[in-house]
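Next up: a single chain in structure tokens, the form predicted alone.
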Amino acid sequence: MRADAQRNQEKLLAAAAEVFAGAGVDAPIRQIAAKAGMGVGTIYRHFPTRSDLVVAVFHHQIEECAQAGPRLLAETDSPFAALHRWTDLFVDLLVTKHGLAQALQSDSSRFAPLHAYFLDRLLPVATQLLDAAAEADEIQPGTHPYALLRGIGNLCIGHDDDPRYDPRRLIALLLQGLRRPALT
């Protein structure tokens, strides 16, 4: 893909993610087009169905989240702080995927590979972050990455139904529970 086409696709996927996060995956395509600064026809040319666009956005966000883990470890003094910042990105990903299952209901064959891709890309990152924090003696060893991601995912349930509920507070408490007790 040419560099300008790649930038346009990145711009479109970022706009769609932002619109989906605020309005769900049923948001009007014209709203996404306006946010991206392009025509509706351009979106349909690249993504003929809504589920094509939703899958592309989710795939793009999985990649961004996966790439952020090692970057955060490299630029943060504390592996635990990197883990905490990464979980914030992971929560953004989960909140944005609101409505994904409904959008793909008519094509469940597309959801299974996407879920597998989700796990294949994000479990190694969670493992790397947890291992680094344990090696730095910032958390107790033995936390299973799948259990952590699943727990965070479960805490995000209900976010859409109740504007008073912010899963980030409970997730922060969950992460604090991983901390190694202070030695006195």
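Just so we're clear, the structure is a prediction, and the values are computed from it rather than from any experiment. Numbering starts at 1 and follows the sequence shown.
Beyond what is shown, the protein has a form predicted in complex with the DNA; the following relates to that form.
4.5 angstroms heavy atom contact with the DNA in the predicted bound form for R50
Close contact exists here: in the predicted bound form, R50 approaches the DNA to within 4.5 Å, heavy atoms only.
Does F118 make contact with the DNA in the predicted bound form, using a 4.5 Å heavy atom cut-off?
Close contact is absent here: in the predicted bound form, F118 is far from the DNA, nothing within 4.5 Å, heavy atoms only.
Counting only non-hydrogen atoms and a 4.5 angstroms cut-off, does D26 reach the DNA in the predicted bound form?
D26 belongs to the contact set for the DNA.
Test of understanding: in the predicted bound form, would V40 fall inside 4.5 Å of the DNA by heavy atoms?
Yes - in the predicted bound form, heavy atoms of V40 and the DNA come within 4.5 Å of each other.
With the DNA left out of view, choose which of K35, H46, H59, H159 has a non-hydrogen atom within 4.5 angstroms of it in the predicted bound form.
Looking at K35, H46, H59, H159 one by one, just H46 meets the 4.5 Å heavy-atom criterion.
Spot the stretch among 147-155, 26-34, 131-139, 62-70 with residues whose non-hydrogen atoms come within 4.5 Å of the DNA in the predicted bound form.
Partner-contacting stretch among the options: 26-34.
At a change of 3 Å or more, would you call the C-alpha separation of P70 and V19 in the predicted bound form closer or farther than in the form supplied?
Residues separate in the predicted bound form, at least 3 Å farther apart.
Distance direction in the predicted bound form for the C-alpha atoms of F20 and L89, relative to the displayed form (3 angstroms or more)
They are farther apart; the C-alpha distance rises by 3 Å or more in the predicted bound form.
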